[in-house]
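A single chain, nothing else alongside it, follows as structure tokens in the form predicted on its own.
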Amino acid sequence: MIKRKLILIMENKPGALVRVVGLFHQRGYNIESLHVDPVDDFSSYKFIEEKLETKFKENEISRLTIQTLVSDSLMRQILRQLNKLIDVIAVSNEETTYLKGVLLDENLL
């Protein structure tokens, strides 16, 4: 087991955080730490707006950072499961980024 850091860009809607934490709870994954911030500066997420052909508004998205202790195979499974959640726009770890159902080759967040 290795300590991992996940970064999620998600819609800032009621219940979004509960769905993410619920996914970890249902599958018995442990969250070591959790930090959420609203995104005010969208400049580092322009690639998401371009890929999804959308424009984010103020207080519309949040950045969620989760630290967890998992193996490599479990990490891939967690990334795929988080990517399926409706409120998640992008999810990334140290190596991989998923963007609304699309696997990107590099860590972009």
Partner chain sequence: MHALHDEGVELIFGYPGGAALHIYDAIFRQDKINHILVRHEQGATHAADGYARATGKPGVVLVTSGPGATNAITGIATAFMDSIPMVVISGQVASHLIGTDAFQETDMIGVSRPVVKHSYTVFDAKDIPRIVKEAFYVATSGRPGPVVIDIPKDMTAPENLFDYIYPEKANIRSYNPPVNPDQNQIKRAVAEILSAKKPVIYAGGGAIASNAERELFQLNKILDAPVTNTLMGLGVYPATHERFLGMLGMHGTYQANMAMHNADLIIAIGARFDDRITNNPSKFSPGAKVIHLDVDHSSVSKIIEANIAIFGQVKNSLQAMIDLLNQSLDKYNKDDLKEWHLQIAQWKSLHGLNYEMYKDESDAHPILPQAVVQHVYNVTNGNAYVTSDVGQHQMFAAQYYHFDKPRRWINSGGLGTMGFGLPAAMGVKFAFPNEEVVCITGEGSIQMCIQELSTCLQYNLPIKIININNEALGMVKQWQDMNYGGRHSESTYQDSLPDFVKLAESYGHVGIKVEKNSDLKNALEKAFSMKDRLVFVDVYVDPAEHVYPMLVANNSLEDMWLSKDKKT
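What you see is a predicted model, and the numbers here were worked out from it, not measured in a lab. Numbering follows the first chain given and starts at 1.
Another form exists, predicted together with the partner chain; not displayed. Remarks below refer to it.
Residue L52 is the only one of V39, L52, I31, V70 with a heavy atom lying within 4.5 Å of the partner chain in the predicted complex. In the predicted complex, no heavy atom of R63 sits within 4.5 Å of the partner chain. In the predicted complex, at least one heavy atom of F56 sits within 4.5 Å of the partner chain. At a distance threshold of 4.5 angstroms between non-hydrogen atoms, K46 is out of contact with the partner chain in the predicted complex. Using a 4.5 angstroms limit between non-hydrogen atoms, K84 touches the partner chain in the predicted complex. Contact here is defined as any heavy atom lying within 4.5 Å of the partner chain in the predicted complex, and by that definition not a single one of K3, M75 and V91 is a contact residue. Taking the partner chain as positioned in the predicted complex, the residues of 19-33 that bring a heavy atom within 4.5 Å of it are, in sequence order, R19, G22, L23, Q26.
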